[in-house]
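The form predicted on its own is given below as one chain in structure tokens.
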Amino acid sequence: MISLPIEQFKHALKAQGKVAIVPHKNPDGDALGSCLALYHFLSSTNFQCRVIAPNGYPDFLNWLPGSDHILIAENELQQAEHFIAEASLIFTLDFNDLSRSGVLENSISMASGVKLMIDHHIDPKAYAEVIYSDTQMSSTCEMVYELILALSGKKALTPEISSCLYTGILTDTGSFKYPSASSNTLRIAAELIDHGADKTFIAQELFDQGHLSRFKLMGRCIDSLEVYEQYATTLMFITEKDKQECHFRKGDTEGFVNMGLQLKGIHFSAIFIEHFEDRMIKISFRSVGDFDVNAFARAHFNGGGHKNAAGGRSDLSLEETLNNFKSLLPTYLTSLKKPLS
């Protein structure tokens, strides 16, 4: 953990010129919320800012204030690379390894601008000159909140900034139910509501605007459910055929992995999703209690994340990947069956 290096941020922000703000590939609520909050804050201080996302994001996030100004690099790569090359400052938010920046990895690596990382994931890589890394934080949005307060105080919390930050905190804490949501997290959420975040509107936009494709895929996902009570584990999967027949849209599978944890006695849930275009199986892991899915993903599926929420990938077929996963469970019998504290 690296505490907020406020003097380094203040020094960097004396720079003039363009500021690029980059979330990870396939940005979620925390990634976009933190980037857009920082965009609004820095734009108010006369920086020429641009949020540059490696690729597109789910449309349940397209209401976020400022989202219409996001540059999608996979659609306009030359413009994105040109802006990053000219930027005096390059903020990378909600990721700590440049490989997570997708098509922007090379341009960020080669850029001469000062790089500043704000992130709450484990094991940050040392690619940035200024690093604010805190794995105890609920979200990158909570970290951006602390940065804004340290730089300008609560007077800087506009309704736009508050809405963006509240969105990231809400989504990354599972609506405040994950262990990462501390009492301080809840106090921050209250502060953001007091400064203009409409909690009812935000929840409706995030959770109550699903498409028919999502509900159809949810049914396929539940049908695939396999329960391994002896290991307190569930797995689910979605095939490419499922996605095509249900008319999959980006973001449709968001949160599906959590359904497995709703079963009594289950401590570990995994979902496996075929991605033919990327020639791989994308995997999400969730756990409750002490089972460390970050360590599990790193050890077996080229991934990582947080103790109770992580992701990974497999280049094997779906069948081979599922068999591999199931073969690993006996090794973790003791830790999976450990009673919840």
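Residues carry their position along the shown sequence, with the first being 1. A quick note: this is a predicted structure, and the numbers were derived from the prediction, not measured.
Unshown form predicted in complex with a small molecule; subsequent notes refer to it.
Put simply, of P58, G305, P65, G289 only one has a heavy atom within 4.5 Å of the small molecule in the predicted complex, and it is G305. Between the options K243, H121, K216, H195, the residue in contact with the small molecule in the predicted complex by a heavy atom within 4.5 angstroms is H121. Residues within 4.5 angstroms of the small molecule in the predicted complex, judged by any non-hydrogen atom, belong to 307 to 315 and to none of the other stretches in 66 to 74, 32 to 40, 307 to 315, 50 to 58.
Contact annotation: R100 falls within 4.5 Å of the small molecule in the predicted complex, judged by heavy atom distances.
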